[in-house]
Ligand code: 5GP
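Below, in structure tokens: the form predicted alone, a single chain.
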């Protein structure tokens, strides 16, 4: 939550021109990019020197976002990222609350002398920032950034680019406003962003109507050949090996949203997708109702996230990771049968 005394201190910090770095988590999604670029555009309007650094590249369907071409992917420009972080007066951590989620940037951010400000909506934040704004009830970090900007400056004209970026993060992190985290406040913020210039129809088209032929073929393959149903546990999952991804000319972001198709099946309350990449198994979990995938991911797969959406990883082979997952389900059978 945003305390007025901390906001006042940050107002003073930002009253003079500063060198500011904005950082995201590894594999930045719509909310990470939206919140970072949204804040970037606001701070540029205030004449600060601002750079967005991501640990690695973002999905191509986010390339259209205003300012994305100016972002620095740390894995390709580590020396430049290190220099900028060392010189920064202020470092923002957006959409993550643990430095380990920034991979190679973690040590650089941790050792940097600049004032650190965390703004995030995931549970159990680590205690590394000088200022921590954490709200697990927020729909997205983008919603929090809009609140943060308005706390700094009432009735601010944020501009069309900032509005578009924040709208993008809210829409993607709420599943186009269908997740339970979507509140009346979320809709109020979205209405204000549209008034500020966000073109909602254009943004939706850029995000969801730019599929490649290969991505649609991969989706069809997942649904027809790779979808496994475990009806006794109200669970469904998809597993993709690296060779299968290569068969469909895989690009970053091509598997985005596939886990939600499994969850959309009637009487399925828990879904997962297992993806073999970078010598490990990356996992996304989704749930309906009361089943807590954040706790599940934290307990068994070195992950975490939100109540109904979380991620994790498997350190063993694909077969061993899936076997572990399936063998865990009996102990959650009763909880998985509830859809509230």
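Note that the structure is predicted; figures quoted are calculated from it, not measured. Numbering follows the first chain given and starts at 1.
Note that the form predicted together with this ligand isn't included here; everything after this is about it.
Peer 1: Report yes if any heavy atom of residue 116 sits within 4.5 Å of a heavy atom of this ligand in the predicted complex; otherwise report no.
Peer 2: It does not: once this ligand is placed as it appears in the predicted complex, residue 116 has no heavy atom within 4.5 Å of it.
Peer 1: With a cut-off of 4.5 Å between heavy atoms, is residue 122 one of the residues that contacts this ligand in the predicted complex?
Peer 2: Residue 122 belongs to the contact set for this ligand.
Peer 1: Is there a non-hydrogen atom of residue 271 within 4.5 angstroms of a non-hydrogen atom of this ligand in the predicted complex?
Peer 2: No - in the predicted complex, heavy atoms of residue 271 and this ligand never come within 4.5 Å of each other.
Peer 1: Would residue 54 show up as a contact with this ligand in the predicted complex if we use heavy atoms at 4.5 Å?
Peer 2: Output for residue 54 is no: heavy atoms all beyond 4.5 Å of this ligand.
Peer 1: Between 289, 305, 59, 66, only one gets a heavy atom within 4.5 angstroms of this ligand in the predicted complex; which residue is that?
Peer 2: The residue from 289, 305, 59, 66 that makes the contact is 305.
Peer 1: Check 25, 309 and 312: does every one of them have a heavy atom within 4.5 Å of this ligand in the predicted complex?
Peer 2: Checking in the predicted complex: 25, 309 and 312 are all within 4.5 Å of this ligand.
Peer 1: Heavy atom within 4.5 Å of this ligand in the predicted complex: which residues of 87-103 meet that condition, in order?
Peer 2: The stretch touches the partner through 101 alone.
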